[in-house]
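In structure tokens, one chain follows: the form predicted alone.
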């Protein structure tokens, strides 16, 4: 089977449409402004930062496992047969853990441009979910180039790091407004 980069056009277009739809909805939707606090936390920022940090840990684990599966790190022998399933499970859990955070951001706060950090955070959040959609669709695409999934996964990880950096890290540093 010959790899054809053109097969990535549909997954990338769907990802771009997802990012755009999230951004447009968050921008035109009238934010409720009603924070909710999960049990065990003292504020919405606290639980969102905790879930975002768990998501980042899961993404780091997933990227590390992906590097192991592709033979980029670790022993020269092939990765164990369960590694691919664990990789997918970690990604699914990371996605699930992030959903309450994105729901709160979009529904309660909307797409904000109050300052540079918040604008970047809003943009990266939309891009992250678009990349997730593109990657999941690319996984199911036959004859994709071998470099496509590692590149998309790495880019998704870096964008998620940017989302975390502009939110949870700011919260933990005590510099959020």
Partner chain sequence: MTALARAAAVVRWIVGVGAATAVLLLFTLEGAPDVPADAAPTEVDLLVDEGRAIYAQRCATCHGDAGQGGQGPRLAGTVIVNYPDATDQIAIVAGGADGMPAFAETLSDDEIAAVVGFTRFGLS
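Positions refer to the first chain, counted from 1. All values reported here derive from a predicted model rather than from experimental measurement.
From this point on, the text means the form predicted together with its partner chain, which you will not see here.
- At the 4.5 Å heavy atom threshold, is residue 96 in contact with its partner chain in the predicted complex? Residue 96: contacts its partner chain in the predicted complex.
- Message: If we define contact as a non-hydrogen atom of the residue within 4.5 angstroms of the partner, is residue 61 a contact of its partner chain in the predicted complex?
- Response: Flag for residue 61 set to no.
- Do residue 89 and its partner chain come within 4.5 Å of each other in the predicted complex, heavy atoms counted? The answer is yes: residue 89 has a heavy atom within 4.5 Å of its partner chain.
- Message: Is residue 119 part of the interface with its partner chain in the predicted complex - any heavy atom within 4.5 Å?
- Response: No.
- Message: Quick check on this chain: which one of 54, 109, 69, 133 has a heavy atom within 4.5 Å of its partner chain in the predicted complex?
- Response: After the contact test, the surviving option is 109.
- Item | its partner chain in the predicted complex - contacting residues of 145 to 166, heavy atom within 4.5 Å | Not one residue comes within 4.5 Å of the partner.
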